[in-house]
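As C-alpha cells, one chain now follows by itself in the form predicted on its own.
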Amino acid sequence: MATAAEQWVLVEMVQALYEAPAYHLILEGILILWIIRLLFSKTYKLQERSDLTLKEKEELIEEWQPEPLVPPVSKDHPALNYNVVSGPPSHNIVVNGKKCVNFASFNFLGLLDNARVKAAALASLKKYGVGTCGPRGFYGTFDVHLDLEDRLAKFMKTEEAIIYSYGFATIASAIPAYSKRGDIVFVDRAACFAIQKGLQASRSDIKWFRHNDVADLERLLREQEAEDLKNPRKARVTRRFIVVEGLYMNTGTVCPLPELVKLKYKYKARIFLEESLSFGVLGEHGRGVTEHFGISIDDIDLISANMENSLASVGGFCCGRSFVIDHQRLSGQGYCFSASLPPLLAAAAIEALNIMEENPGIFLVLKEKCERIHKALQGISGLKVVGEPLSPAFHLQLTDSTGSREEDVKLLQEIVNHCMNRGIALTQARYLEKEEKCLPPPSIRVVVTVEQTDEELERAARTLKEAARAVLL
C-alpha cells in the first residue's frame, strides 16, 4: 500500500512538472544551479602574502595617524570657560570675584542658605557622616531616607514615594522601568534632556507631538488606535504612555493637564508627569501642576521631580500608587545601582518640606514676583520673553536671529557679560546640541526667587534693557 502511494505522489510530481509554465521551470533551474555553485565555490580567495621588511614597517607606522578620540573643541567653548562661584549660590552670589544678585540658580524658595535647613543638615552630618557608600538595597537605606519618602508621599497626597540620589537620573530611570521595547510613548517635542535619555534607554517606539498641542497628540493617538485594530492581538500587550512636563524647562510654559487627562481615559494611555520645575512653585501649597489645575492626583500614573530646585537639596523623587513605586525599587536603575542619597541632604529636604508646609504664602509671593519681572521685561528691543508669567524660570531669545547659532550665542553672551559687570548674574541656557531631539533656540535664562526684592527685579529689568540696546542696536 505504501509503495503504491509513493508511486502516486511521484506521478503527481511529474505531472505538475509538465503542466508548470516555462518561466517557472527556467527560474527553478537557475536557482538549482546557483545553489550548486554556492556549495562548491570558495567563499574567498587566498591572496599571495608579501612580508614587509622591518624598515617598511617602521615607515608605515610613522605615516599612520590615528583618528582623534574626540572631535576638536575650540578653547573659547563655554564648557571650558566656566564661571567660578565663591560661597553659597544664594540671593547674593560672588562670581569670578564679583558680587551679584543671583538670577541664575534655581533656588526658587530661597531655602539654600536657610538657617533651619543648614542646622538640620549639620545635625545629620554629625550623626550619620558624609555619604552612604552603598545603594539602597545594600546597606544604603537609612532611617532618614524612609522618613523623607514618607513625608513626600504625605505632602503630595499619594500612597508612596521613592527617592533617588541624582535629580537627572530620576525620570531617566523611571521611564525605562515601565516602558519597554514594543511599547509606545507619546512625548512633547519640548521635553527636557532627562526625559529624552529615559526614552532612549527604554527602546520604546517614540511618537513626538507638537509642543502643548493637544490636537496633534490626539491625531497620533487616533492613528495608533487605527493601527491597533489591524493587529488586536499585539495591541492587547502594547502599553501606551504620555510623557509631559508640568512646567517645561525649555519653554517656561505649563502643560494643558486637564485636556491630557481626558485623552488618557479616552485612548487608554498612562500619564507620566515630570514636575521638577513646577514642584514647590505651582498650586496653593506648592504641590505642582495637579494642584494648580485642581486635577486629582489619582488621575496621574506617575509623578517625578527633582529636589534640586525648590527644596534646595540634591536628588529626586517619584510618587504614585504603592504597586507603581514598588516596581521602581526593583527596576529603577538609578535607584538600584547608585549610592543612596547622603543623609544630610535627606535631612535638609525634610526641613525644607517643613518650611513649605508652615508657610504656604511663600508660593503666592513667588508668583507675584514672577509676574512683576515678566511684565517689566516686555518690549525689550531685540529680545522677546519666552515663558508664562507664573514661571520662575523663563527665557529671553533674540527677536531676529542672525542666521547663525554660533553668532546668536555670542550676542547673548555679550548681554550676559554686560549684566554681570553691573551686578546681575545671568546665564545662557545650555544644551548638548548634537544630542537634543528638538534643539531650542539660544536664550538667556532668567530665574526668579522669593529673596529678590522689588527694587532688584526692577534693576535687573533695567540692566537687561540697557544691555540689549548696547549689544543689539
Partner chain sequence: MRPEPGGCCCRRPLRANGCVANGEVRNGYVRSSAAAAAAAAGQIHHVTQNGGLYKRPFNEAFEETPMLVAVLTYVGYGVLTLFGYLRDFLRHWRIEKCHHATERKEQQDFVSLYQDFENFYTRNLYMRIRDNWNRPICSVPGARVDIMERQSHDYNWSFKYTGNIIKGVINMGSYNYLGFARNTGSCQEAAAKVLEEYGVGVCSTRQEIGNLDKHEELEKLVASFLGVEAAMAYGMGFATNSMNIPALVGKGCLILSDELNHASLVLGARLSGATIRIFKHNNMQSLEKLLKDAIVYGQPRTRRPWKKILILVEGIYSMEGSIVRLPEVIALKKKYKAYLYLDEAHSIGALGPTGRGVVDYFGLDPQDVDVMMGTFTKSFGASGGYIGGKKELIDYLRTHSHSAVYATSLSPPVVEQIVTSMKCIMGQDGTTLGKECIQQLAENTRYFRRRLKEMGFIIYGNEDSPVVPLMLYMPAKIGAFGREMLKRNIGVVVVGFPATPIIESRARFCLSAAHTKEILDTALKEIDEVGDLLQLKYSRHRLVPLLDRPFDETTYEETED
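From a predicted model like this one, the values you see are computed outputs, not experimental measurements. Positions refer to the first chain, counted from 1.
Not on display, but discussed next: the form predicted together with the partner chain.
> Test of understanding: in the model of the complex, would D299 fall inside 4.5 Å of the partner chain by heavy atoms?
Heavy-atom contact with the partner chain at 4.5 Å: present for D299.
> Give a yes/no on whether F317 approaches the partner chain to within 4.5 Å in the model of the complex, heavy atoms considered.
So F317 does not count as contacting the partner chain.
> Indicate whether the partner chain has at least one heavy atom within 4.5 Å of a heavy atom of P389 in the model of the complex.
Outside the cut-off, so no.
> Report whether the minimum heavy atom distance between N83 and the partner chain in the model of the complex is within 4.5 Å.
Although the partner chain is absent here, N83 would touch it in the model of the complex, with heavy atoms inside 4.5 Å.
> In the model of the complex, does every one of K367, K410 and L473 come within 4.5 Å of the partner chain, counting any heavy atom?
So, no: the whole triplet misses the partner chain.
> Go through 357 to 365, 274 to 282, 240 to 248, 396 to 404 and give me the stretch that gets within 4.5 Å of the partner chain in the model of the complex, heavy atoms only.
It is 240 to 248 that comes within 4.5 Å of the partner.
> Within 4.5 Å of the partner chain in the model of the complex, heavy atoms considered, which of K384, R222, H327, K99?
In short, H327.
> Which of Y166, F209, F293, F155 has a heavy atom within 4.5 Å of the partner chain in the model of the complex?
Result of the distance check: Y166.
> From first to last in sequence, which residues of 65 to 89 have any non-hydrogen atom within 4.5 angstroms of the partner chain in the model of the complex?
Residues within 4.5 Å: Q65, P66, E67, P68, L69, V70, P71, V73, H77, A79, L80, Y82, N83, V84, V85, S86, G87, P88, P89.
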